[in-house]
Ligand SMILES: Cc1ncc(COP(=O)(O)O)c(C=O)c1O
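Before any questions on binding or motion, here is one chain by itself as structure tokens, the form predicted alone.
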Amino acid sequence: MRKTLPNTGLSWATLQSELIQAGSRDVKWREGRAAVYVFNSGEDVMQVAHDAYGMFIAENGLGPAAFPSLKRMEQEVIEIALSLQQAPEGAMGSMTSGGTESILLAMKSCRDWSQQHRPVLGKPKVVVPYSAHPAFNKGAHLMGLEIVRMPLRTDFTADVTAMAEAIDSRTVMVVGSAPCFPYGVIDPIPELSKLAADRGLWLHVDACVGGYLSPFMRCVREERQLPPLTSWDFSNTGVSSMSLDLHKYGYAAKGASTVLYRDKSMHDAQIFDFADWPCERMTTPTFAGTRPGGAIAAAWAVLHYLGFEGYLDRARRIDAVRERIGDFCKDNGLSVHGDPQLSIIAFGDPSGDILAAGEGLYKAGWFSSRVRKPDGIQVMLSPQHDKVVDTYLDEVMRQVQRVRVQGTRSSGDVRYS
């Protein structure tokens, strides 16, 4: 039977109880049992985001004249993002609702900018590595673009030579990830940057996962005297735009992301401006009209609450957990996919069905993604995972041994959304 509105309102106590009950079967992310969807940086950070969001829960980012506070906070968030990504003078950006919107806006901007500056005949084409996020296909579907996905190198990074061969007269954009979601490896952005510059193309770097983590992980690797991260940011002169999520490793409230552009003309191509209706001119920088002021305020507050040292501390913790999982895999006959250096690590089992082990982990209350080509369990780490990593790995070992001994086969379902 269809749900209907109650005749009389219910008390908050009743509703609160129902909400608690509704969430009782959700993954226990506060206990560190979720390795996707939630980015737990500690209860203090959660509280800052919660309180800041609540202070601006009714304010609307659509109206900067009415809410100059939001305009100022958004601008400061963008300036911080640009500085972290070594953007040149004149670079610009916007806050968005999430990574998908950031990617779609970059694709829309590229399409419209190219029509003006580098027009092509026929359907504009975007060349991406096989590991690129599905949002690029969503954007192509919505905007009348063609997507071409190219195979990866043996280290699971983008094959720049193959991508170069796929470029033709209709190509307007090439894409790299920093890192890609499936394997957590950074594509060779310097090589892609040179390719884009040589061919006169727009390079978008999808740093939705790594954008607010990589600058601090670079410092961690310097501290540990390890080889530097692959360069991913605007210091590569061929990079035209970047997407980076505040609600991932910026630890802000959902939904908050950023899309950045090398110069004003590229950002201008993102903006919608319309005047032919009774209320005259309406200008929106993103796809949304109304934008929640709480998301802007929470992002601003968390960035300033943590500061450089706070983010660096959390990067150190994530790095230690990833290293712990990598060592565990090496010691127990599991194989790590590629050379992940940030927060995502995917691992397989040459001696058994790792997807079956992943299904066992899920039944035991541990929620993570699984990948194919090759099969693997994939975890996206948060700082708070340092409190549960040993317990998690104990369960991984139990499930792996169970599958190895019993020869258990998986259902083959690897969906994570």
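One-based numbering along the sequence shown. If you're wondering where the values come from, they're calculated on a predicted model, not measured in any experiment.
A second form of this protein, the form predicted together with this ligand, is not displayed here; the remarks below concern that form.
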Problem set entry | 4.5 angstroms heavy atom contact with this ligand in the predicted complex for residue 187 | no
Exercise. Could you tell me if residue 321 has a non-hydrogen atom within 4.5 Å of this ligand in the predicted complex?
Worked result: no
Exercise. Is the gap between residue 100 and this ligand in the predicted complex 4.5 Å or less for some heavy atom pair?
Worked result: yes
Exercise. Going by a heavy atom distance of 4.5 Å, is residue 337 a contact of this ligand in the predicted complex?
Worked result: no
Problem set entry | Residue (of 291, 247, 267, 111) lying close to this ligand in the predicted complex, criterion heavy atoms within 4.5 Å | 247
Seminar exercise, completed: Picking from 181, 216, 234, 300, the single residue whose non-hydrogen atoms come within 4.5 angstroms of this ligand in the predicted complex is 181
Problem set entry | Stretch in contact, per heavy atom within 4.5 angstroms of this ligand in the predicted complex, of 203 to 211, 328 to 336, 75 to 83, 304 to 312 | 203 to 211
Exercise. Of 118 to 134, which residues get within 4.5 Å of this ligand in the predicted complex if you count heavy atoms?
Worked result: 133
